[in-house]
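The chain that follows stands alone, in the form predicted alone, written as C-alpha cells.
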C-alpha cells in the first residue's frame, strides 16, 4: 500500500495539515531514517518506519481502546468547558478519527470503548442489535427483590417513557448494590429507572459490554489498546447469570473497592 506522506500523517495522528507542513519545514519528519520535506512523497506505511517530531507513527487501519473512565470526564471528542475521555489518552494514540463508542455520564465510571470503527459503534449503540451493557450500581436505599420483576417488565420512567426489559440482581453481601443489564442507553437511564422505583443511584460503574469485560488490571483513568479478535467478543452472545457469577466471585475483593 502506497500513500502520500502528509495524508498518512493526517489519518494516523491528530496533526492538522498546517502542523504537518511545519514539521516538514523544520526537518522533523523522517521515513526509514531519512529526513523528508516533501509531503507528497508516497510511502508504504506498513513497511516503513515513520517518525514525526520524535514520535514513531505506527499504521493502524482500525483502532480499539478500552478506557477505565474516572468521574469528572465527559464522553466526547472535544468539549469547550469539560475534560473529555480523549484527554486521558497518550500522544501515541491520539488521532482525528477516533471517538467514544457510546456515552457514560460525567459522574459514571468504568468501561468506554474508543475507536474509529463506525459500523462497530453503530452495532454497539443500536437497541436492535441487542448488545448488552453491564453496570454495578450502588443505591441509597436497600435493593428490593420486586425490582427484578419490575425491570423485567420494562420500567416506565419520567415523562411516561418506557424502557426495554432489563435484568437486575442484588450483589452478594451488600444490601444496596446491584448488577444491571441494559440493551439501550437512554439519557441518565439507570438513574431514572431507580428513581421510578423510589430509590436513588449513588455510584454507577460500567463493567462489561457484550461479552467483553473491562480488564481487572486496568486502573481508573488507565487505558489499553486491544486487538480486533478481542473486539469480536463484543458481538458474541452473553448470559446475565454467567456475568453475575463472575461479579459475585470477586465482588468483595474488587468491585466493592471501586464503589
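Note that the structure is a prediction, hence the values are computed from the model and not measured. Residue numbers count along the first chain shown, from 1.
Same protein, other form: the form predicted together with uracil (URA), not shown, and the subject of what follows.
> Residues in which of 86-94, 167-175, 153-161, 100-108 have heavy atoms within 4.5 Å of uracil (URA) in the predicted complex?
Among the listed stretches, the partner-contacting one is 100-108.
> Hey, in the predicted complex, is residue 73 touching uracil (URA), heavy atoms inside 4.5 Å?
Looking in the predicted complex, residue contacts with uracil (URA) do not include residue 73, since no heavy atom lies within 4.5 Å.
> At 4.5 Å between heavy atoms, is residue 67 in contact with uracil (URA) in the predicted complex?
Outside the cut-off, so no.
> I'd like to check something about residue 203: if you look in the predicted complex, is any of its heavy atoms closer than or equal to 4.5 Å to a heavy atom of uracil (URA)?
Residue 203: no contact with uracil (URA) in the predicted complex.
> With the partner left out of view, is residue 189 within 4.5 angstroms of uracil (URA) in the predicted complex by any non-hydrogen atom?
Looking in the predicted complex, residue contacts with uracil (URA) include residue 189, since a heavy atom lies within 4.5 Å.
> Note that uracil (URA) is not shown here; using its position in the predicted complex, name the residues of 56-94 with a heavy atom within 4.5 Å of it, in sequence order.
Result: empty, none.
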